[in-house]
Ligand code: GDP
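A lone chain, given as structure tokens: the form predicted alone.
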């Protein structure tokens, strides 16, 4: 499809930067395809099964029928009535993956978006990954509207979906419209504020031009059997809206009439303030309910102007500074995604918060304190590109030419520096060994891994000094499988891949001290480094900390940094079984030095020796990733499945009924879940399915730890 030129002269209040987020298979990509069709961005509705979707453009996405990378598209929508009647709004849309292995794509998208549509499966309600994306949206205070999709599916229940959002998410979810019919009889919706009913009819694949939407809908009278239901639901909606606005609350309590415009303005403010989540019904696959949802995106989700400003830290003074969403303000922008494009090289996706970014100009990377040149600026339409000269505050664009900028870096004016809040990503939970098949693949492997790691912040690479193997780690087997496949297809690298391994971590359980002394005399100048370290455990999930308590010059200041480097390197390589240390605080509190022989290298080795000695006195343990597992099964297999999970050291959290199925919730060590898909199929005659995501780390039982340490063959030695 040729790229359509995009109108660039849109005021901030007529721009919406939104994402589509949901559990896997809730219908995100299908919903996105309908949005692109109805807004005129595409002329044919894309189909996942046929591999013709716009936003799922990678070969692997089309083959597997899942979204792997987030895709950005720009389109336009005009609301026909209400607050924004007749005004065309530019929508910058990001379709995100639903599979938990690609959670980084959702995290970084939500960091830069102003609002989002959370798609719910009306037949399943709130699912596990729905809870995860909800937490991610809350983390960045992203306002949401909900789209209860699949109203045409057997078991669809609009009221139950809203209730599950209230119960499981703690959301103030309230019906904005009501479905007319459900399952095979679902034909339309009733707008509760305007009390207008619309039904969809005709062939939705009719080319644009024969009707103004591409799928004809007609306004009809509210069915007689729904009048009371509509009245009750409208009363509930008005009550919820009035509760967020003092003036409307007075009117409501005095039984005065509140106009639709007043209600819409108050609802808009309530959504932006994260006080209400309006829920709309629809079926994207059957082309029903998408246009009212688009209207709601424009009417209730914020523009960059509503967000108003962004705060950050001045890297020189440490003070908080504010940047207003104004093209004339100093530049502030966040790099949130790296993509290797076969045609133009490295693409850096950027959200511009203030100022103007110009093609060919130099920008200051305040995170790394370097200057970078923006070669070209591109407006992205999935994998199609439109070259532009400037990007203004509120826009999402891609830049070519930024060599050292990575995900989470801030770009700004050098004379007005600012560091914006970065993006945090979870640690990998699974790893595997990889090696090139031939000598010619050796060099290409390193290059391919480096490029893929730039793209995906949850993909980690390290070399195992014990085996000289390369270890790659990520969030799940599917993610690693796809990355290895991309190496083969995009970088022409063939590699042998080992079995997936659990990403254990090491930690300590008590405070201890250790001495590290490195002295070497080999003729001429010698080496001397000496430090005393104290280590103590931190609460689970706190990570690592290093502090210097040196006073009186026992160790010169220039050697503190090498000591920290030695500590970090040893924490990365591990002491007990070769896994990284976590949840540990290390303090250097004393030591000595030699005027001539002391060096950075000597202190770095001394720190590594000191940490090893201290850790061995601190009762080290292994930690293992515990997975949140949700098994959906027909009732007759429930007993066998719970018994099997219990044999896997599972903690059964409970079960709940959803339609004809039972959902079993459990916490299970990842080490016990290898091959579970096959085992579950066998236990349930192929009728049960499961979902799994990382939840937290817990200590490994002592007898299992002993086996892991023994099989690792890890010596914990310090390499000199």
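Nothing here was measured: the structure is a model prediction, and the numbers come from that model. Residue numbers count along the first chain shown, from 1.
The form predicted in complex with the named molecule is left out here; the points below concern that form.
Residues with any non-hydrogen atom within 4.5 angstroms of the named molecule in the predicted complex fall in just one of 149 to 157, 74 to 82, 444 to 452, 430 to 438: 149 to 157. Using a 4.5 angstroms threshold between heavy atoms, residue 410 stays clear of the named molecule in the predicted complex. Contact annotation for residue 16: none of its heavy atoms lies within 4.5 Å of the named molecule in the predicted complex.
Among heavy atoms of residue 285, some come within 4.5 Å of the named molecule in the predicted complex. When the named molecule is considered in the predicted complex, residue 29 lines it closely, a heavy atom lying within 4.5 Å.
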